[in-house]
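Just the one chain here, the form predicted on its own, laid out as structure tokens.
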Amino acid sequence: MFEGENPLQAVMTFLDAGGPVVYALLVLAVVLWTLILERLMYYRWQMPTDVKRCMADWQARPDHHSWHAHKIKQRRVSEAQRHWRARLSLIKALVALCPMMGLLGTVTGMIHVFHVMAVLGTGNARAMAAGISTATLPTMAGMVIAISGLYFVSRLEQRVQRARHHLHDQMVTH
């Protein structure tokens, strides 16, 4: 299918064979990976600054032992975690949407196959093959995007949890 083509032609052949749902999945994948890259860059460069600022504010407080200081610590850790988790829900929703979009491609492709069968009968295998391709490629594309997105969602969640525990442990209250 893709032999002898340059990579751009191979991508265009794949997109054309998969039908319009694959184009929607491409847009979805671009948005998903943009959000994942934004979070990765944020965690790499901005999160350490946030931790330092939070620790400096905490160290500047005269009271670290009272009930009130404990509540302030909990509030600051929670606020930092909320800020670090921004966009993770959207990323999770996009990851969950990808297999559903793939399933939509399957359904539309199968409708095409049944239409071909109704018009031409079952003797024209070549005509049905295009519909079957349109049915299976979006499913595969949606699953690949979702599985790769799941890996990064898990990594991002772990990073937030580690940073939260680290910040909580650094803010000494005794």
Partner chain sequence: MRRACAMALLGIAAFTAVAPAFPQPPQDLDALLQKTRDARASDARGLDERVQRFRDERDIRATEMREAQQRRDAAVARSESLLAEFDENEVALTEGQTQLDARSGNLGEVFGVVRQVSGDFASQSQNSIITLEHPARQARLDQLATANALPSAEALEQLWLDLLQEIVETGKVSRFSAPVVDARGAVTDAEVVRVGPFTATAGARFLVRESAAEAFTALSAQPPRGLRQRAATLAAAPSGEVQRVDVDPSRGALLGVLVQTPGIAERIQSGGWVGAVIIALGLAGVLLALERFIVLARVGGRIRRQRKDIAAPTGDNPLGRVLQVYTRQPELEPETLELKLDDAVLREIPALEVRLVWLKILAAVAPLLGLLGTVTGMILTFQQITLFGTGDPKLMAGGISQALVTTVLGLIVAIPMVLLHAMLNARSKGLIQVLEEESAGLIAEQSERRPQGQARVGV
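Predicted, not measured: the structure shown is a model, and the values here were computed from it. Residue numbers count along the first chain shown, from 1.
Heads up, the form predicted together with its partner chain isn't pictured, but that's what we're talking about next.
The closest heavy atom approach of R61 to its partner chain in the model of the complex falls within 4.5 Å. Interface residue remark: Q9 is counted as part of the site for its partner chain in the model of the complex, having a heavy atom within 4.5 Å. The shortest heavy atom separation between T34 and its partner chain in the model of the complex exceeds 4.5 Å. In the model of the complex, none of the heavy atoms of A56 sits within 4.5 Å of a heavy atom of its partner chain. Only one of 40-48, 144-152, 131-139, 108-116 lies within 4.5 Å of its partner chain in the model of the complex by heavy atoms, and it is 108-116. For the marked spot (K71, R76 and E79), a heavy atom within 4.5 Å of its partner chain in the model of the complex is present in each of the three residues. Annotation for 88-105: interface residues with its partner chain in the model of the complex are S89, L90, A93, L94, L97, M100, M101, L103, L104 [heavy atom within 4.5 Å].
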